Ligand code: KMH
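Okay, so here's just one chain, in structure tokens, the form predicted alone.
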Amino acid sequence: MPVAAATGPVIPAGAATIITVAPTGAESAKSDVPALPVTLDELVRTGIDCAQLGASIIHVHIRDGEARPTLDVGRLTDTVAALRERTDLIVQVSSGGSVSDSEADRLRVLESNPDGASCSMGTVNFGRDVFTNRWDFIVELHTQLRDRQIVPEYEIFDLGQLTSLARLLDKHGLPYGGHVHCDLVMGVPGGMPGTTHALVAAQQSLPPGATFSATGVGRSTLPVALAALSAGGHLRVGMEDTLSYAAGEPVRDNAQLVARAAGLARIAQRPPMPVADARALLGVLDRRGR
């Protein structure tokens, strides 16, 4: 069925807020950011702490024994299993990795048996680097996610990528679970700015029935969070996206960012969504015990 352009949905003011924590990323070095969780134990402890504060999804990047970004499937599988054993969080892996990772390695992360995975909807300048996402790769990732019963989160770095998403759904069908959920990644140098105007423009271009989270990179963290809450969206926070809590004040840990997001959500009368409700909304397959 063709996907027509439509104004994105507005969640009722009393609805709850999904909070995603993205604790690590692939950009920052442990030597520069000692609080960055890079070991399995650090990631699990981060997951436990953030779940207690209101997070319902953890977006996972992993590091090797030297704290360098890696897409090693064995290490990633162990990470997914440990997070699933020790927390109730929805475990979402990154299929983006770092800008230098191959398409084949990015597809292989799905072998780690996660609940969800990112699916970036287009190529974007990432500062001085280029994060490449060819159309054929997007289609293959979308198809494999559905075949493996993994829920995608469509990563949107610029407005045109929402047009690409509409084309993808029109030509290749809905994702596993039948629900479309996007993450508006805002404030990346080379992508859309982290402003209210940009967020509203993106929201108005969402596919019919879709929900969205918003990620504000760097200084745009708070403006994007406030705009997302006012527009009925959900939140993603974490040290992947920002390392400053306030001007001149480094982030202490990911739990500090989740606690602030949960506080803002409560102020907006949209408290953190329980994990079970987030699973139901997104159509996540229950893999616990598998």
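Fair warning: this is a prediction, and the values are worked out from it, not measured in the lab. So that there is no doubt, residue numbering starts at 1 and follows the sequence shown.
The discussion below concerns the form predicted in complex with the named molecule, not included here.
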If we test each of Pro152, Gly96, Gly191, Gly122 for a heavy atom within 4.5 Å of the named molecule in the predicted bound form, the one that passes is Gly96
Since exactly one of Leu226, Val33, Ala259, Ala26 fits, which has a heavy atom within 4.5 Å of the named molecule in the predicted bound form? Ala26
Quick check for you: of 197 to 205, 161 to 169, 98 to 106, 83 to 91, which stretch puts a non-hydrogen atom within 4.5 Å of the named molecule in the predicted bound form? 98 to 106
Contact of His234 with the named molecule in the predicted bound form (heavy atom, 4.5 Å): no
So, Asp49 and the named molecule: in the predicted bound form, are they within 4.5 Å at any heavy atom pair? no
Report yes if any heavy atom of Phe126 sits within 4.5 Å of a heavy atom of the named molecule in the predicted bound form; otherwise report no. yes
Can you tell me whether His61 touches the named molecule? I mean in the predicted bound form, with a 4.5 angstroms heavy atom cut-off. yes
Within 4.5 Å of the named molecule in the predicted bound form, do we find a heavy atom from each of Asn113, Glu140 and Tyr176? no
